[in-house]
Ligand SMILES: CC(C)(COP(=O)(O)OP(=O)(O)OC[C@H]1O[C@@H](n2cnc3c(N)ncnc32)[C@H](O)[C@@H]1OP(=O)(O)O)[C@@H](O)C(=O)NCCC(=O)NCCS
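Okay, so here's just one chain, in structure tokens, the form predicted on its own.
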């Protein structure tokens, strides 16, 4: 397993990973898969200020993680919003944990003290959403900070959004 900084040339593979979550799950509330160019622009915007890492196994990108701005207001400068995606065929192999362990020191070095992660949620689980993200974040030392009901609609169903917080 190799974790390195993202390159804009990684965009096509990252879109492949992300497209599964957009098209088949309620993990992402996006309805349409972004183009490779759109993803490249997102990477450029994020990496202008925050770390963005990819994980490779046998020279294949199998996941990515990045931090982003929680809010543009200066008072929130010490808080970052986290996003993490692992290829559907590589989940539950420790990749997410390894990527979080790699990115957190970089954020701490930037002066970030709070990490936030949003996770779609439904009770009970359904064919589009499990509790895997919530359980993953709790296992990484995050605690539930907020629970918004019926905040996003996808596949003609309402989903909640939970926010998790971790101090570093």
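Residue numbers count along the first chain shown, from 1. Owing to the predicted nature of the structure, the values given are computational and were not obtained by experimental measurement.
Although not depicted, the form predicted in complex with the ligand is the subject of the following passage.
S.K.: Should the three residues 22, 121 and 152 be counted as contacting the ligand in the model of the complex, with contact defined as a heavy atom within 4.5 Å for each?
M.R.: Checked in the model of the complex: no contact with the ligand for any of the three.
S.K.: So which of 110, 113, 102, 132 reaches within 4.5 angstroms of the ligand in the model of the complex, heavy atom to heavy atom?
M.R.: Looking at 110, 113, 102, 132 one by one, just 132 meets the 4.5 Å heavy-atom criterion.
S.K.: Can residue 55 be called a contact residue for the ligand in the model of the complex at 4.5 Å between heavy atoms?
M.R.: Output for residue 55 is no: heavy atoms all beyond 4.5 Å of the ligand.
S.K.: So in the model of the complex, does residue 73 come within 4.5 Å of the ligand, heavy atom to heavy atom?
M.R.: So residue 73 does not count as contacting the ligand.
S.K.: Heavy atoms within 4.5 Å of the ligand in the model of the complex: does residue 136 have any?
M.R.: Yes.
S.K.: Answer with yes or no whether residue 27 is in contact with the ligand in the model of the complex, where contact means some heavy atom within 4.5 Å.
M.R.: Although the ligand is absent here, residue 27 would touch it in the model of the complex, with heavy atoms inside 4.5 Å.
S.K.: Using a 4.5 Å cut-off on heavy atoms, which residues of 76-103 contact the ligand in the model of the complex?
M.R.: Contacting residues: 82, 83, 84, 85, 86, 91, 92, 93, 94, 95, 96, 97.
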